[in-house]
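Only one chain is shown below, in structure tokens, and it's the form predicted alone.
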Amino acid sequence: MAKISINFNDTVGVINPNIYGHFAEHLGRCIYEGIWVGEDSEIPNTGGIRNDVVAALKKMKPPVIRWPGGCFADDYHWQNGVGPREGRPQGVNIHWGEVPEPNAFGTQEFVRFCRMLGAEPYIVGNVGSGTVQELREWVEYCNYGGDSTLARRRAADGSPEPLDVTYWGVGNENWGCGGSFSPEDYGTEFRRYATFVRGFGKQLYVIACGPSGNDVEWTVRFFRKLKKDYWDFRNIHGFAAHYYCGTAGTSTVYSEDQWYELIWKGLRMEDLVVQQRAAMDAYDPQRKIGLIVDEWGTWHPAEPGHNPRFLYQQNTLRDALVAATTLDIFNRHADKVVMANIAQTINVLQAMVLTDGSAMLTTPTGYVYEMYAPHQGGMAVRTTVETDTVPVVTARAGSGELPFVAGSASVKGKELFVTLTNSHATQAVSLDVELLAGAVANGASARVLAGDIHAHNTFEAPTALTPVTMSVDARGSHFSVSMPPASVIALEVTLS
């Protein structure tokens, strides 16, 4: 038995839709085959972009997509990816296997892909090997509505009107693959770059590189540098941390203890959100600068038979539980997080979609994003969960307790949306739902994703694990939900 109380008088904040963002890097088969097949491909496409992938992703309602990396971003020169494709130079992807980079998928193709999905583009600029001029001219190429050489070039490439790109990152992982900067040195570089990232008539959202994991020292040192030399925090709107919970076993081979271990490691995202925001609050108490987690997810050993540098991994119900419990963390802290981008959209790490030639499937993680989409733009309300726990002991990450039941809730008018997880591998849970502040339920619909803890979809059985409808009798201020073991539930409740 477990219980969740939902307090409608205790609102947290509006859930920024961008929390449900994605990330697509020039890595392995994410871009080439995953998104881009070219106009001449036998795989059905629109202007070279796969129709089946677009249809699958649209069901997940991605609000924003981050591109072109990742580590790739800090060796990417945008000029190579514009103009006639037959004239674009071929480069080498130095970070991900030293494979050829044809530059067939560039700025125009990326923005078109985003518009096909109804998503906003988030472009990461090159600080590691690029120049201030290069990033400044990329913004002009995308956004300038007047007459300039770069605006004419954009028009010649097929977009007479500005591409209207709001979100711009000043580098990626600049503590590592993006230049191996100290926080202070990156602070200096950020100031210099951000000075020239102009809107050209549009208000931009400029994002600084944050720490690797929950490295509070990086954050403090970066903001201390900016506060000392850049006291009014000009032209910084977001600060982006990265957190990968890693693996336990492999993507499909793991014990019950390893099932619990990985989900528990995913829950450490909550410490990152709370502690990183607190460190930022010391310098930005009005929260004018948003906390972003623009890379996160599981990271398993690459599947046998695949190039290990392509980071291709299978995706099971365990990954779905990591995704669901992490999204619930972001929802519960809607006052602290303004964007998050799971890594990655297709064929890489914790992907939404996998492809194999002309075949395509949606992963359990992709179905979680589809199930959770109604939270976008809702008002998060406080939830209190009473549940049993299971102890977790790891070799490197310490030990703790994993709660069986977790979740989050949001409200839009007379509609309450609740997402729930039961992380217990073998035990069902009867959950008592209590609505506080005089709220009364008048019916509900629900879907559940559940199965064996190793369940996943393959190209031979692409729908082996999909959400199904479930019955919930939601009437009055108390009702119960029967939660199968190893499950994710999305519950839409009509309020009287």
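All figures in this text were calculated on a predicted structure; none of them were measured in a lab. Note that residue numbering follows the sequence shown and begins at 1.
Keep in mind that the form predicted together with a small molecule is missing from the display, and what follows is about it.
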Taking L27, C71 and E173 together, does each of them reach the small molecule in the predicted bound form with some heavy atom inside 4.5 Å? yes
The stretch from 237-245, 321-329, 122-130, 360-368 that lies within 4.5 Å of the small molecule in the predicted bound form, judged by heavy atoms, is 237-245
Contact with the small molecule in the predicted bound form, heavy atom within 4.5 Å, among W259, Y205, Y372, W96 goes to W96
Only hit among F404, F200, Y283, W299 for heavy atom within 4.5 Å of the small molecule in the predicted bound form is W299
| request: Find out whether any non-hydrogen atom of E295 is located within 4.5 angstroms of the small molecule in the predicted bound form, and reply yes or no. | output: yes
| Heavy atoms within 4.5 Å of the small molecule in the predicted bound form: does A194 have any? | no
task = State yes or no: in the predicted bound form, is some non-hydrogen atom of Q344 no more than 4.5 angstroms from a non-hydrogen atom of the small molecule?
result = yes
Can any non-hydrogen atom of L311 be found within 4.5 angstroms of the small molecule in the predicted bound form?
-> yes
